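Next up: just one chain, as C-alpha cells, the form predicted on its own.
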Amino acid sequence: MLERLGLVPPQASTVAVQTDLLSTFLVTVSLFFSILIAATIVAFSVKYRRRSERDVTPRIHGSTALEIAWSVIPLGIAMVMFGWGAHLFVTLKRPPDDALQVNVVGKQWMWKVQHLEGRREINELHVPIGRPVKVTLTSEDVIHSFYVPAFRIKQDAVPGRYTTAWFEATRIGSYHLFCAEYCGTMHSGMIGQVIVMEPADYEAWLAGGGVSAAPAAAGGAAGGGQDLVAAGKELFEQKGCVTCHQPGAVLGPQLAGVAGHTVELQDGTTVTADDDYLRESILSPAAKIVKGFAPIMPTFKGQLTEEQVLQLIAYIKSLKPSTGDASADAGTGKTGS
C-alpha cells in the first residue's frame, strides 16, 4: 500500500519484503509503546494530581507480578527484534555460491562497473532477473556508499579494501543507484541505475547485442573488452610477475591454488589468501612476507588502477595447482615475496 502511494521505493529484490516487514514491525512497536507511555503519563497526571494542600501521598506497596511483567514482556519483544534482525543481517552478508560476480569501483564522482566477462559500464549496472548478483566494491579515493533503495541494500565502498553486497532482482525495470556517503562537492551527482533484464536479453547485452531496458540518454556508458581473467593474465605477463611466480621459479612463491587457502608467513603467523590479502600483496608486498622467501618484490602502488588490481586477482584465483593438492601448493603461495 505504501508503495502504491509512493511513500516507499518499489520492492524489487528478494530481501526487500523481509526488510520492509522488519522495519514495519519496529516502527509499529515503537509507536505502540510511545502512545501507551504518553497516554499513561497524561492519565496518571490527571488522576493522581494533588487537589489540595492537605493531600498526603498514600503509602504504595510494590507489585512483584507487575515488575516481572514489565521486564519480561519488553525483553521478549527485544529478543524477537534481535533474532529477526540477526537472521536478515546474516542473509544479507552471505551471498549464494552461484551468484553472478560483478566488480564496482567508486570514484569521484561515478560508479565504474566491470563484469567478469569483460563488459564495462559507468553509472549503470545490467543484471538478469531471478539470479543472485554479488557486487565486490572498492574506492579509488574516498569512502562511497553503494545504495539501491528498491533492493534495500547499502554497502560502503572503502579505499584500500574490498567489501561485498548481494541482491536478487525480482522485477524487470530500471532502479535508482545512489552514493549514500557524502564524498565531495559533486556527491549529489554521483547517481546511476541498475537495469534488470530478462536472462535472454541480459546474455545478448553481455555479448554485445546492446539489448537494454534503459534509454540511451540515461547517462550511462557501456563497453566491451577482455574478460577479467584474460586481462589479468596479460597484466601478469606485462608487469613481469611471471618471472618470479611461474612454476619452478625460486624467487617468489607459487600462486596456483593459493586463493582461499592458508599461507604461512615469515614471522610464524598464518593468513587466509582472500581478495584483501591478494590486493595488499600486489600493492604493499613487504607487509606480509611468505615463509622461505626474501622481501624482494617491488610495489605496484601507483602503477595499477583498481580495475587492473581486480583483474590480477581474478587471474590469480583462476590458477589451479598442477599437483591436484590445493593445500600443498597453497602453503607457500602469495603474490608478494
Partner chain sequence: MTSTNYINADYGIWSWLLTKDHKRIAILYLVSITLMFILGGFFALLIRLELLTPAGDLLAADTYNKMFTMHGIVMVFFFLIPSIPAVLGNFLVPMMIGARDLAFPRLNLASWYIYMAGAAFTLYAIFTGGVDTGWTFYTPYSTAAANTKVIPAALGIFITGFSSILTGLNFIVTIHRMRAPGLTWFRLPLFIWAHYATSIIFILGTPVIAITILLVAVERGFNFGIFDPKLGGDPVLFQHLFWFYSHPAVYIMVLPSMGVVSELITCFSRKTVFGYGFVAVSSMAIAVLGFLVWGHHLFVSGQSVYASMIFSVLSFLVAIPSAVKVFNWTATLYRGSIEFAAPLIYALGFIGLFTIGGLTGVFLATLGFDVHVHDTYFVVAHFHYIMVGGAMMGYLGGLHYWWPKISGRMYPEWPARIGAAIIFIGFNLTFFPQFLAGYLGMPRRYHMYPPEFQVLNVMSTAGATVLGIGYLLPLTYLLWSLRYGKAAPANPWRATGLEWQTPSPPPTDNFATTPFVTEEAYDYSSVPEAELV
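Positions refer to the first chain, counted from 1. Not measured: the values here are computed from a predicted model.
In what follows, reference is made to the form predicted together with its partner chain, a form of this protein that is not presented.
A.B. asks: In the predicted complex, does each residue in the set R171, E264 and T269 place a non-hydrogen atom within 4.5 angstroms of its partner chain?
C.D. replies: Result no, not one residue of the spot touches its partner chain.
A.B. asks: Which one, 228-236, 116-124, 85-93, 199-207, holds residues whose non-hydrogen atoms are within 4.5 Å of its partner chain in the predicted complex?
C.D. replies: It is the stretch 85-93.
A.B. asks: Answer with yes or no whether S23 is in contact with its partner chain in the predicted complex, where contact means some heavy atom within 4.5 Å.
C.D. replies: It does: once its partner chain is placed as it appears in the predicted complex, S23 has a heavy atom within 4.5 Å of it.
A.B. asks: Determine whether any heavy atom of R152 comes within 4.5 Å of a heavy atom of its partner chain in the predicted complex, and answer yes or no.
C.D. replies: Output for R152 is yes: heavy atoms within 4.5 Å of its partner chain.
A.B. asks: Give a yes or no for Q303: in the predicted complex, does one of its heavy atoms lie within 4.5 Å of a heavy atom belonging to its partner chain?
C.D. replies: Heavy-atom contact with its partner chain at 4.5 Å: absent for Q303.
A.B. asks: If you check in the predicted complex, is T299 within 4.5 Å of its partner chain, heavy atoms only?
C.D. replies: No, T299 stays farther than 4.5 Å from its partner chain in the predicted complex.
A.B. asks: Going by heavy atoms, what in 152-188 lies within 4.5 angstroms of its partner chain in the predicted complex?
C.D. replies: R152, I153, K154, Q155, D156, V158, P159, G160, R161, T163, H176, F178, C179, A180, E181, Y182, C183, G184, T185, M186, H187, S188, in sequence order.
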